[in-house]
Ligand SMILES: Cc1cc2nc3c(=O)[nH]c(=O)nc-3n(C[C@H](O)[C@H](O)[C@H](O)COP(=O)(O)O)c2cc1C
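Given next, in structure tokens, is a single chain: the form predicted alone.
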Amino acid sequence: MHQFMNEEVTMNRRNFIKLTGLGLGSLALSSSIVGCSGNTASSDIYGWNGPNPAEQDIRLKVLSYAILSPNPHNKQPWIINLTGPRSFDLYVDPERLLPATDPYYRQIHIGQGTFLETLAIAASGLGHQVRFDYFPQDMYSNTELLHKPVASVELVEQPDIAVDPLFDQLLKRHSNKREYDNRSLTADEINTLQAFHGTQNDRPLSLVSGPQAQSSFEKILTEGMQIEVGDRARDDETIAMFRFDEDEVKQYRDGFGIAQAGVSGFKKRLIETFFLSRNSAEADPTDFGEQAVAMTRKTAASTATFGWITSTGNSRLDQVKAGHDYCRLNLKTTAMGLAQHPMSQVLQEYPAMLPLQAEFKETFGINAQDTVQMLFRLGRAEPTPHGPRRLVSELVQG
């Protein structure tokens, strides 16, 4: 009888996941910058309540906000080397890369920019100005990663500093991976975002809405996910960052799980207990990949407005600056009550993705030589819980 029940559970896992709306596609975040929001109890456990009120070190205070930045796969790929009482250097953590899905570390460097932007906004709310010195030991190429700081950071006390209006959104910002309500942003909302981003920005923001764009994105994003899950190394990279239960969340304090797709309560406990298993996913990722493709199609089909940030260059500094832009945009959409979710598989640089990437650029009139740094959807949906963050002390050296 016990054997029969195990076989029945195995046979019905796929249908059960579809019926309950599990949506691993909305969680398969390779090439995406991920961060989450909500007001669950776990937010207090995993860093989303801000710095400890008793903390006196301004460096650790701003870093308590910076670690909440959106970043690829929630890898949190940052190392901090303290250099003075109000200064530190930011490095890429070479142990927290995504070599299969981000072979040239472009997305990892975008995640450095989101970290620096969040840090600067937080500092303004704490009475400090930030001075950045990007790549103080010279910038390395966009196909390598050297042990050099991405930025040297100095915090300058300035009690009369104007607080960045986005400061109030730092503990609310998130990447919302639910299905949206299929409504386009209004003309006023689009104009607000374009004005906020700035027409003189070297990394322009493009926003498109309507049935034709939606149909094209549904096709391109679904095909991108199909390519993404068509390789065992890429599958393993994503599964390694998926947190199959709360014990894994507590152990690693990074990655993502079904809560970030809006699955909660009894349904979440049921799925984690009976239908999700690291052993089975690692042994055969077929179901995991099939659900990723299906749910990518559903999330794209539920969205009527898409956007992207483009740069003419693709240096490490271009990538970092694109991270600044994306972070500010995500905070602004949070303030506007909008949902935002990166879906960037098609932007990845491994050879299998390049033909589809060229098709995407041609479809939307993007210069073939330009680099689309971030691609995302916008709409409306209920928030999802925060993704876990590590302790700041785990980032800090020196």
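The first residue of the sequence shown is number 1, and the count goes up from there. Given the structure is predicted, the values throughout are model-derived calculations rather than measurements.
Same protein, other form: the form predicted in complex with the ligand, not shown, and the subject of what follows.
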| item | value |
| --- | --- |
| Option from 362 to 370, 54 to 62, 349 to 357, 334 to 342 whose residues, in the predicted complex, bring a heavy atom within 4.5 Å of the ligand | 334 to 342 |
| Residues 48, 72 and 107 all lining the ligand in the predicted complex, heavy atom within 4.5 Å | yes |
| Single option in 243, 128, 174, 316 placed near the ligand in the predicted complex, where near means a heavy atom within 4.5 Å | 174 |
